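Below you will find one chain, with nothing else, as structure tokens; this is the form predicted alone, and questions on how it binds or moves follow later.
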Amino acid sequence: MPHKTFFAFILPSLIAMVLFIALPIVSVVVQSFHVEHGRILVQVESCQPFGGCTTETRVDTAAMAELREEQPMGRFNRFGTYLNRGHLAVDEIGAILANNNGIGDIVTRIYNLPLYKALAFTLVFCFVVTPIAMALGFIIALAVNTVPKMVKGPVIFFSLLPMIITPLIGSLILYWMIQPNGIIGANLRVLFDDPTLSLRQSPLLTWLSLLFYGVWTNAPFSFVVFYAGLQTVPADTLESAMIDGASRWERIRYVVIPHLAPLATFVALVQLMDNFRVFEPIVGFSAEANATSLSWLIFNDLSGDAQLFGSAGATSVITIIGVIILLSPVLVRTWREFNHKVV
């Protein structure tokens, strides 16, 4: 394709990416270096005809409005937001490392810092849900590929239900099911003979519930991609392997899996990015007491009356850097394989 034709072909996508991705990211980065203005207080004396005079402290709304008009993004804070306790907590970590009772105490105290607590759950969610969901989706794809055509349609439909349901609605459904009077919660109480058992009160059980939900919602995407890839596996190669006496497992291992390896890389990239921004299940499960994520921190900064745009911007930038670091090994490997094929 000539360069001019290629440029004209991708120009609409480039414009959309600049307007809706690049510029917002630049705006977030700039906002992260600012913090909200402090309140300007004034002493106001109010006198009553027969009650004397009293002095009250009030916010000077006129001065605040003038200050916001002069500096709409807030006060320039350099890297202060990134280094405070709500984010990288540099001073707090320095104090923990200087005075502690051992490795266990260091890990516990750092984990109790907001960003690192959210980062811990986010990484666990990524590295547990992604491989299990990919493996489960691959197994479902293999199973569906062997069922009779008469029932294949309904089986595919039911396999895709978790992906069809809106994530927040799906998390609410599972949340109601694990309640003490829900079908899962009530049966677990009977199974373990513990009338006080609650999946929400235990941090470990809360994490397991969220991880289960993550696998349940991510597996259909892996299934769709792998099932489509199975339709492209060369039939003559499989027949040759069968003639040579290869078992079903050997055909899957030496023919199917190598053929689907590029698709596996694509699925891993998409699901890692998607899982790194986990948010809906935490809100749906009301699990913020036991589990938070980077996306939930951003939501928490922007909800309520006092919206902390600078704090939310700093967390967003840290999230973007985390995604880049998380995907860099896969991207580097893909780039090397591409260059090797070109050579």
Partner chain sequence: MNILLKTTVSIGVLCLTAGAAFADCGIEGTGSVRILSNDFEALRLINTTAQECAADGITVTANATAEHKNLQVPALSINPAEYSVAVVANNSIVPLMNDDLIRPLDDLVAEYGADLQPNQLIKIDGKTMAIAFMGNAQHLFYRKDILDQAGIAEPKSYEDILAAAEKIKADGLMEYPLAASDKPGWDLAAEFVNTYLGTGGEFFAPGSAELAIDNENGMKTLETMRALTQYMDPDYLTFDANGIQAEYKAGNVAMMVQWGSLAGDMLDGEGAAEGVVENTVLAAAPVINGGTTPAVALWWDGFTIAKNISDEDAAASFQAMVHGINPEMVAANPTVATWLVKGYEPGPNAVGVIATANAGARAYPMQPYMGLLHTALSAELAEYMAGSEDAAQALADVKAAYDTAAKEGGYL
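Numbering follows the first chain given and starts at 1. So that the term is clear: the rigid core is the largest set of C-alpha atoms that superpose within 1.5 Å between two forms. All values derive from a computational prediction rather than experimental measurement.
Below: the form predicted in complex with the partner chain, not depicted.
When the partner chain is considered in the model of the complex, L308 lines it closely, a heavy atom lying within 4.5 Å. The partner chain in the model of the complex is not approached by E66, whose heavy atoms all lie more than 4.5 angstroms from it. The partner chain is not shown here, but in the model of the complex it comes within 4.5 Å of a heavy atom of S303.
The partner chain is not shown here, but in the model of the complex it comes within 4.5 Å of a heavy atom of G86.
With the partner removed from view, the residue among P262, G182, P114, P131 that has a non-hydrogen atom within 4.5 Å of the partner chain in the model of the complex turns out to be P114. The candidate stretches are 196-204, 254-262, 158-166, 233-241, and the one lying within 4.5 Å of the partner chain in the model of the complex by heavy atoms is 196-204. Contacts to the partner chain in the model of the complex (heavy atom within 4.5 Å) from stretch 61-81: T61, R68, R75, T81. Relative to the superposed core, E288 undergoes a C-alpha shift smaller than 2 Å between the shown form and the other one. Core-superposed comparison between the shown form and the other one: CA of V29 displaced by less than 2 Å. With the core superposed, L302 shows a C-alpha displacement below 2 Å between the shown form and the other one.
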